[in-house]
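In structure tokens, the next block holds one chain alone, the form predicted on its own.
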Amino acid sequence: MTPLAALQATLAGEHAALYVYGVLGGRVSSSHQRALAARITAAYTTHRARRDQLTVLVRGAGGDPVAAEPSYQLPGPGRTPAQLAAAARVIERRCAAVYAEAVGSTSRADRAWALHALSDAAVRELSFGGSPTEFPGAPDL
């Protein structure tokens, strides 16, 4: 995969993450599930910043940033706190996968940035109840 294609794929992943976190944020009770609501809000804020940075990186690489889709399929029903956390884990796992691809397809500052984002996604997945893996973002064999 070319560096530009990897950045575009990562940007597309961030568009999806923002959509899903927006839906999850609308479904979590900030008065009854304060900690979960705070984690979802923080994730949304982080992914929005990453999307904005990826837009800059894609343009810097000579590309036209891929646009967001009108909607995305949610990774589960997302009605109960457990389902909301499970959906967030799926999103972070998917983000880790696209960042792992970006790490393998980019170099220098872009690679360092993608590696940091990969690590951040893996840690965030843990904060939503995920299990640690040896190589976050690597495909299951």
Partner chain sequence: MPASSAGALAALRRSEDRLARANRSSALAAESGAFARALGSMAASAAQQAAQLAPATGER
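Since we're looking at a predicted model, the values are computed, not measured. Positions refer to the first chain, counted from 1.
Same protein, other form: the form predicted together with its partner chain, not shown, and the subject of what follows.
S.K.: Would you kindly say which of 104, 76, 81, 65 lies with a heavy atom within 4.5 Å of its partner chain in the model of the complex?
M.R.: Contact check passes for 104.
S.K.: Among 25, 37 and 41, does every residue place a heavy atom within 4.5 Å of its partner chain in the model of the complex?
M.R.: Verified in the model of the complex; spot residues all out of contact, no.
S.K.: Should residue 49 be classed as touching its partner chain in the model of the complex when contacts are defined as heavy atoms within 4.5 Å?
M.R.: Residue 49: no, not in contact with its partner chain in the model of the complex.
S.K.: Is residue 85 close to its partner chain in the model of the complex, meaning a heavy atom pair under 4.5 Å apart or at it?
M.R.: No, residue 85 stays farther than 4.5 Å from its partner chain in the model of the complex.
S.K.: Can you tell me if residue 18 lies within 4.5 angstroms of its partner chain in the model of the complex, counting non-hydrogen atoms only?
M.R.: The answer is no: residue 18 has no heavy atom within 4.5 Å of its partner chain.
S.K.: Answer for residue 108 alone: is it within 4.5 Å of its partner chain in the model of the complex, judged on heavy atom distances?
M.R.: Residue 108 belongs to the contact set for its partner chain.
S.K.: Hey, of 54 to 62, 41 to 49, 25 to 33, 93 to 101, which bit sits against its partner chain in the model of the complex at 4.5 Å between non-hydrogen atoms?
M.R.: Heavy atoms within 4.5 Å of its partner chain in the model of the complex occur in 93 to 101.
S.K.: At 4.5 Å, heavy atom to heavy atom, what parts of 108 to 124 sit next to its partner chain in the model of the complex? List them in sequence order, or say none.
M.R.: Those in contact are 108, 111, 112, 115, 118, 119, 122, 123.
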